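Only one chain is included here, represented as structure tokens and corresponding to the form predicted alone.
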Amino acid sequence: MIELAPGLLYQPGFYDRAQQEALVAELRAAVRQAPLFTPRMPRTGKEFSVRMTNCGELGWVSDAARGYRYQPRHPVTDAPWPAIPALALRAWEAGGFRAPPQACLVNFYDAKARMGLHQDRDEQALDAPVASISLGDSCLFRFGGSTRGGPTKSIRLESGDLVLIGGASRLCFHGVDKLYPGTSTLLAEAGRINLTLRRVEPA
């Protein structure tokens, strides 16, 4: 593990190519059960540039009426979320937290999608890390401190990389500034899948 900042850990190549392909196959099965949807910003209703779905007992959603939250059912189909893929749980185990994750947010980035600087703070279990898995095209990942507007650094994430956001960096601002289309052959089309595993409730 490479420490990018206190509590912010990076392991390049955590998943090899065969494991990445197997994980994508698991995700395709999950998406058939819980289709991708486009979340909206609270109050304004503006669409996110990413499409998403979830796995696990809880899923993260957002809309104009009720804002950011976790819920046990898909917002469109009203069906329970599928189980977290077994291979994804390896990333959580690398963080060494004593309780299992309850949610696995699946974000799909097309070539134009971005994710602005934000904190992952909708969870009660802030002592648990967030495990972030990159699949597909490379991206430019930016991170800073716990205050918006502070200095930031950037690192290029490749397919198969793992980032653990915990400890003193658990509430760091972070985001994705851009993708590098065509840098991976893992997915049939250009794009990136990002999985973030989270513990929502106190252990």
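Residue positions are given as counts along the sequence shown, with the first one as 1. Everything quoted here is computed from the prediction, not taken from an experiment.
Note that the form predicted in complex with a small molecule isn't included here; everything after this is about it.
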Legend entry - Contact residue in the model of the complex, chosen from 34, 176, 27, 58 - any heavy atom within 4.5 Å of the small molecule: 176
Legend entry - Listed range touching the small molecule, judged in the model of the complex by heavy atoms within 4.5 Å, from 121-129, 102-110, 88-96, 72-80: 102-110
Inset, instruction - Decide whether residue 157 counts as a contact residue for the small molecule in the model of the complex under a heavy atom distance cut-off of 4.5 Å. - result: yes
Inset, instruction - Would you please decide whether residue 198 lies within 4.5 angstroms of the small molecule in the model of the complex, comparing each non-hydrogen atom pair? - result: yes
Legend entry - Contact flag, residue 143 vs the small molecule in the model of the complex, heavy atom cut 4.5 Å: no
Inset, instruction - Report yes if any heavy atom of residue 194 sits within 4.5 Å of a heavy atom of the small molecule in the model of the complex; otherwise report no. - result: yes
